[in-house]
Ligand SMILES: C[S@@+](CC[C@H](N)C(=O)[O-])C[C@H]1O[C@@H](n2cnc3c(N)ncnc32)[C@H](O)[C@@H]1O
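For reference, the chain that follows is the form predicted alone, supplied as structure tokens.
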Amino acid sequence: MKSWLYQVFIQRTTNECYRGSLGYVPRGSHVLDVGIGNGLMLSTFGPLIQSKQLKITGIDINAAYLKHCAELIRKLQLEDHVEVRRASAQDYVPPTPGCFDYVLFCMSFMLLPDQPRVLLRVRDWLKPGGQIVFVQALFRQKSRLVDLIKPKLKYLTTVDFGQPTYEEDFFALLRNHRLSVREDRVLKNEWFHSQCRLVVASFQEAPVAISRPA
């Protein structure tokens, strides 16, 4: 049962996340993947990472996940493209300030206990003009049922999905940190009328005109 649920809730969604995010970043980019997890996506997207000559630094707090990820990196011969470090978004220190073109939160931003603090820290991780790529489920309407069910999914799947993220609250958080949305794309429709969305933002003062999902 848990294996089936993992397939439905995790693996398929993870593939959609990385298909969208890795497809978005241009060739030769240096990407910080916050919450890289066990690295299963490398089996699917390793060839794309190599062909685009991407450099990915992945961080996570789960030592078992990182061990599995490191084994996949060796097995797939991705050592020149992917490295992992054990760290949380709250305490991670990059090798040099402003060294990343993109910071990626692939279904991980919703799990952060102090999202505003992390956004303040991310600014110093990015090169001038660098961007944050969020991929996550956004709910368009408040729902008591969603508030009740989503945190309990970890008891069925063994994976913590965090609290539901509502569209209004998410974009208000970005505005409060002077983040301008560069792109907002629906990757797939999810359960309870949520949408898996790719949202790209950068620290710029001038607002950027975008077309929002219907």
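All values derive from a computational prediction rather than experimental measurement. For every residue, the number given is its place in the sequence shown, counted from 1.
Note that the form predicted together with the ligand isn't included here; everything after this is about it.
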Seminar exercise, completed: Here the chain appears without its partner; judged in the model of the complex, the stretch of 107-115, 93-101, 68-76, 126-134 with heavy atoms within 4.5 Å of the ligand is 107-115
Exercise. Quick check: do Leu32, Ile56 and Glu83 each get a heavy atom within 4.5 Å of the ligand in the model of the complex?
Worked result: no
For this session: Verify the contact flag for Asp184: yes if a non-hydrogen atom of it lies within 4.5 Å of a non-hydrogen atom of the ligand in the model of the complex, no if not.
Result: no
Exercise. Quick one: does Gln50 come within 4.5 Å of the ligand in the model of the complex, counting heavy atoms only?
Worked result: no
For this session: May I ask you to state whether Leu174 is within 4.5 Å of the ligand in the model of the complex, using heavy atom distances?
Result: no
Exercise. With the cut-off set at 4.5 Å between non-hydrogen atoms, does Asp60 touch the ligand in the model of the complex?
Worked result: yes
Exercise. Taking the ligand in the model of the complex, which residues along 117-136 bring a heavy atom to within 4.5 Å of it?
Worked result: none
